[in-house]
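Take a look at this single chain in structure tokens; it is the form predicted alone.
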């Protein structure tokens, strides 16, 4: 089989390995990006599914509207306004099969082969691969402790005025856990307005900041229709539902809806109805608060273990939310070469190269996930990894 030029650009290994490690019971996987399965509200979702099929089996099991189940659309628009201070009009919302689909559709809609896309770096593997699959040329903007290096962003946009869009995870960036500060968000938007370029703001972790305070997204400042905002129920409810959404200018949503029709016609109605029923009968905010408390505790366990077991030269970010943190060995080592050695010790991580725009450059960093495992396994995994790093 001969692959297309676009698919030749995709390295499947990081995601393949991530999911494989996550189901191997002999491996303590600090690699996967999974929420804690023990916190899934399984019984409540089971009831919500039964209610959906029982009350309206045709709506639950038949084809539905491309733009989404109307009651879910209303729920999303209401929560966007109440929680994120984002005004999303009726024609400005599209329900997607996970936010990953929305990002892939944006790239497919806007990018011709060779077109420039700027992205904070490091950035989420899945998004980078979605942009690569559309034929984009990627350029990275370095991350600082409070978000993207805005001077570098301004220089790159000046050098590449043809840029199709800029990608950012504004809260609890995957993989670093870094959140863009409120001040930097405002400055970021000024630069975007100056260059008249679109922004893809990926914000699945906005409600998982440990202190419970949601940083208003860049989209909440958007008066020009320049920000395409992506959200998801994967991290706050259950990823297997595969329900996300896009909020953007009506003209953009119309084009994304056309792209969605070519992909899967519509997001399945049953999981959309389950979310609505769950929210009617349960306190979604209380559930999210529980997630925040649990993930804050696990993050603390991981950071404490890193301080005890890792060599002192290794630095780690200290996330204020989300599911991940980022370590740098600071010694020029290639963490991709350490993956197999780590597996021999029955522990897994994701090497840093996977989150970069240039996959050929060696990286001394790695990503660790603290959400998926119990505290005792987190500590043991860090101990095993620390033994390897010290050797």
Ligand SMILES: Cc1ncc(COP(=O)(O)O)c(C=O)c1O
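As the structure is a computational prediction, the values presented were derived from the model and not from experiment. Positions refer to the first chain, counted from 1.
One more form of this protein, predicted together with the ligand, exists but is not displayed; see below.
- Which residue among 84, 100, 119, 277 has a heavy atom within 4.5 angstroms of the ligand in the predicted complex? The residue in contact is 100.
- Query: Among 189, 165, 310, 205, which has any heavy atom within 4.5 Å of the ligand in the predicted complex?
  - Reply: In short, 205.
- Tell me, yes or no, whether residue 235 is in contact with the ligand in the predicted complex, where a contact means a heavy atom of each within 4.5 Å. Contact with the ligand, yes.
- Message: At 4.5 Å between heavy atoms, is residue 193 in contact with the ligand in the predicted complex?
- Response: No, residue 193 is distant from the partner.
- Query: Going by a heavy atom distance of 4.5 Å, is residue 174 a contact of the ligand in the predicted complex?
  - Reply: Yes.
- Partner contact for residue 247 in the predicted complex: the ligand, 4.5 angstroms, heavy atom: Residue 247: no, not in contact with the ligand in the predicted complex.
- Taking 124, 169 and 242 as the candidate spot, are all three within 4.5 angstroms of the ligand in the predicted complex by heavy atoms? Every listed residue reaches the ligand in the predicted complex, so yes.
- Which among 250-258, 215-223, 92-100, 289-297 is in contact with the ligand in the predicted complex, heavy atoms within 4.5 angstroms? Heavy-atom contact with the partner occurs in 92-100.
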